[in-house]
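Before any questions on binding or motion, here is one chain by itself as structure tokens, the form predicted on its own.
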Amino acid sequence: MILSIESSCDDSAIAITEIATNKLLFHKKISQELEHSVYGGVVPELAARLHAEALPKILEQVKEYFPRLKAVAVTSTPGLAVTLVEGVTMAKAIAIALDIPIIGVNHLIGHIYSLFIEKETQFPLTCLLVSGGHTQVMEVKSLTQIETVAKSMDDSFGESFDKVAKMMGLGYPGGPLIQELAKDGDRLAYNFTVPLHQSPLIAFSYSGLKNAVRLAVQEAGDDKEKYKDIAASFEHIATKHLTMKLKKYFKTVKPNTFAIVGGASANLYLRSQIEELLKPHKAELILSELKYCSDNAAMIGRVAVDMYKNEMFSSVEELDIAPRSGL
């Protein structure tokens, strides 16, 4: 079995995955959403302190598995430096105490492998990653062959939802709150400009849209009914931006198997629009279970199973965090 740890942002999670079967034997996550919601976003130093409290509590619950552990895996990149350290420090202590190998996992590859929790891998595929920190399209041929073909030039899809929710005083995390508010709104009420709609670049940008929404929120003042239309129009344009760029990309690279991963992949409007986009291509859409879209240790453990089989180990002495590295 492999013990895996996730602490890249504001979720403390530990999982136990069986190597031979990919079976998830244990998974627990302690969310910090309530603690951070009063600030409208994640406070790194607070997140680190909460990880220091939560991770040892979860670890106590998996001690029965220690004799059968073959490795310990941990998210080492990318993420918040002060929170990554908490997980990596714990993983190193476990590796030394149990004399087992340590596996440093890239969080973004973890999101790709959220598709395969308790399943076999299904490569090749084209993957759209939409999370609080990243928006990018990747061609994934295998665990070690991943090419990023498009990414955001500034804010990410998920981050823009969080910031729009903060503008409206809705709280954190913003994705589910904006989605719920948008249900009763008119998606065409506000004619926000689709970002980069005239640019030939296959890339993403949300800073301009975010500013347009800010002005709309200011103009709406205390009229909460208008917030529903703003939320709906924002969600519509933010998603249309993705589908327009993907449509342009599909003119040169035909999709066969397409996946959406990351915390914002739980957005139901995004899922429905991607489904429509894929219909003419008769491409298969694969999705993570909703409970595994956001950060979790189960996806880190699933990556680690394949890394273990390929002997992709790190050394305790040399494994370090890399907060800003990507794919």
Ligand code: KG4
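One-based numbering along the sequence shown. Model, not experiment: these values are computed from the prediction.
In what follows, reference is made to the form predicted together with the ligand, a form of this protein that is not presented.
- For H107, a non-hydrogen atom is located within 4.5 Å of the ligand in the model of the complex, even though that partner is not displayed.
- Contact annotation for T121: none of its heavy atoms lies within 4.5 Å of the ligand in the model of the complex.
- In the model of the complex, E86 stays away from the ligand, with no heavy atom inside 4.5 Å.
- When contacts are judged by a 4.5 Å heavy atom cut-off, A264 counts as touching the ligand in the model of the complex.
- Heavy atoms of no residue among D154, G208 and H236 are located within 4.5 Å of the ligand in the model of the complex.
- Stretch 166-174 is the answer when you ask which of 136-144, 166-174, 92-100, 208-216 has residues with heavy atoms within 4.5 Å of the ligand in the model of the complex.
- In terms of contact with the ligand in the model of the complex, the residue from I260, C293, A47, L55 that brings a heavy atom within 4.5 Å is C293.
- Only one of the listed residues (Q179, T126, T243, T148) places a non-hydrogen atom within 4.5 angstroms of the ligand in the model of the complex, and that residue is Q179.
- Residues of 38-72 are not found to place any heavy atom within 4.5 Å of the ligand in the model of the complex.
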